[in-house]
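Let's start with one chain on its own, the form predicted on its own, as structure tokens.
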Amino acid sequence: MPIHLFSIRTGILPFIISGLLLVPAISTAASNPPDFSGAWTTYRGNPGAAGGPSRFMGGELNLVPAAEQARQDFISVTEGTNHGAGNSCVGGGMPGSMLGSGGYPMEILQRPEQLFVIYEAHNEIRRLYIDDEAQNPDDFFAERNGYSSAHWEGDRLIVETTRLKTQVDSRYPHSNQATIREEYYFDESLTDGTRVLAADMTMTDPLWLEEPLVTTKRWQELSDYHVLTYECTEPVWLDEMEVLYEEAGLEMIQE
């Protein structure tokens, strides 16, 4: 038997109507997320402001004794040498790649199903897979930047990163059990209208951290800028080639 509108009890009708009224608002928020595309550098605040803001706020790394020992062991065998990760053209990895970006700018390319975050330093690239585009992280090899799944909550992008490698060479050492949660959103713009991007980050590590690392990173937009090529390995290769040419008594033309 069909149900006519007038047969619905008055106690239910307001609920149905309010629910119907809410549907367009929820749908609009989900289908029109903010666009984070652009080039971004370290947040410096408004021009001329006294005592500019720090690059990021909060965050204290409290390592368990075994993790601190692993970190000190790494320092003891590399200190005073050229064997640091950066000197060997190894990228920072998460969370260092994100928290350190800005000194070298980063660029975000946004598509509905995926965000590409390109850090100029070491040409590091992160892919943030949104909703159904994300797959089971366990099906992928562990990486220094891990595997990142994302979803929108209103105008905020929530990113969960797993499948990280154990790192002792980072400013933010962690085990391979670490997980990182980032929440990206637009913060208050500068007085000249420059957009400000922020990310609240929490790194949890049951093996290496006494408590989660919690911090906020901010960037301000760069106008008319594109991330440049960061060529790290070529100079080392050219030095090696130069030695070979000298030993062979030949003139080196490669440059």
Partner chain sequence: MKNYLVTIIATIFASSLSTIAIAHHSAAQFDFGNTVLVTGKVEEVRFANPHMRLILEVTDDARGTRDIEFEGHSRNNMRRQGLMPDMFTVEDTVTIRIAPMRNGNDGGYVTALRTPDGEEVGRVTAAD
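All figures in this text were calculated on a predicted structure; none of them were measured in a lab. Numbering follows the first chain given and starts at 1.
Heads up, the form predicted together with its partner chain isn't pictured, but that's what we're talking about next.
Proximity of Q135 to its partner chain in the predicted bound form: non-hydrogen atoms within 4.5 Å are absent; the residue sits far from the partner. The shortest heavy atom separation between F186 and its partner chain in the predicted bound form exceeds 4.5 Å. Its partner chain in the predicted bound form is approached by H83, whose closest heavy atom lies within 4.5 angstroms of it. Remark: L228 counts among the residues lining its partner chain in the predicted bound form, judged by a heavy atom distance of 4.5 Å or less. Comment: its partner chain is not present in this chain, but in the predicted bound form one of H122, R71, R127, K165 has a heavy atom within 4.5 Å of it, namely H122. Shown alone, this chain has one stretch from 177 to 185, 141 to 149, 154 to 162, 97 to 105 that lies within 4.5 Å of its partner chain in the predicted bound form by heavy atoms: 97 to 105. Residues of 231 to 255 lying near its partner chain in the predicted bound form, listed in sequence order, are E231, C232, P235, L238, D239, the criterion being any heavy atom within 4.5 Å.
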